[in-house]
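Presented as structure tokens, the chain that follows is alone, the form predicted alone.
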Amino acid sequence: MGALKLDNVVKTYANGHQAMKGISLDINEGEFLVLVGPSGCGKSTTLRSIAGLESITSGEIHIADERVDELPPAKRDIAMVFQNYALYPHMTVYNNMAYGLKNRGYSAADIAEKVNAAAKMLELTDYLQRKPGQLSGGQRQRVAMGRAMVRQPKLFLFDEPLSNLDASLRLQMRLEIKRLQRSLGTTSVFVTHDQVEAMTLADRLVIMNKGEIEQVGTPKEVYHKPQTTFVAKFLGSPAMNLLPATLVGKNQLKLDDGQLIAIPDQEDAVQDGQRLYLGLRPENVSLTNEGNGLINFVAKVSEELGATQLLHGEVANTPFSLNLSQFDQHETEHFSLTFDPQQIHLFDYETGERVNA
């Protein structure tokens, strides 16, 4: 058994809302798992259920070899880091970090050893006698992490811990959390709605939607081979372009404006006449004004991002975006697009599920 196992976990509130609809997960020892999805998808409820802050309606939760879903939070050997830090304002940094150890009856010498070691790792040694109000947001988050670290729990749980920080500090703290987790080797579950945060931190991603798991995989797997249109649209900025189309034969797609596009032979994956979405990542499409492309594109707005540019417009009356290394404005707004046929994504129009390999 892995470090953490969720077996068909359901959470139904008194009003009938089902926040978790049979969630099953196996998390390996030392793994950094990130739960990501839009607000209301069930990711925080899942984390709080693991922590014991939410009771579950049915299913089982195991940490290591022990079933814990009926145990109180204090008996689960987990440490949680919150977005609001949850520090005691009247205590020094040292006492905030030592508080849990004191409650567990550790000696003063053991507490000092653990707190000082964590403070050194987090570069907090010079701040141990300060109070939280005298620290920056990033320093307070380090204290919250240090308080979790000194416990040496079986499991770290992070509930959107970086959402209150500014952009540059979020980047710095992402790197810090990743480094610490690698150094400590503690199994970690991290919740965020920020896809960049999720992609950069995770060993594996769990993309959630409406109380269910849409897909589990490494960041590369999930980005390059999304299994549903929801995942395809959720990951990536700009999101994957999805063009409604109809399969003609086995190797052509007909867009809704009548354009025909050649694609690799689909063999038995889809059927002639089947309604599909053609998915193309913005960075996998090239632009030309020579008239020999495969898709007609009408440019509307260009965004300059320094090293790259985003070009937004329409294909077959559907919004479409490109991520280009460079783009020189032309008098015409009409271009042709080319793409690598091996980088297409096909999804069933009705179910949204991936249909090509």
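The first residue of the sequence shown is number 1, and the count goes up from there. All values reported here derive from a predicted model rather than from experimental measurement.
Beyond what is shown, the protein has a form predicted together with a small molecule; the following relates to that form.
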Legend entry - Position in contact with the small molecule when the complex is considered in the predicted complex, options Ser39, Ser325, Ser55, Asn317, heavy atoms within 4.5 Å: Ser39
Legend entry - Single option in Ala19, Leu346, Leu25, Val9 placed near the small molecule in the predicted complex, where near means a heavy atom within 4.5 Å: Ala19
Inset, instruction - Just one of 39-47, 26-34, 56-64, 296-304 has residues with a heavy atom within 4.5 Å of the small molecule in the predicted complex, so point it out. - result: 39-47
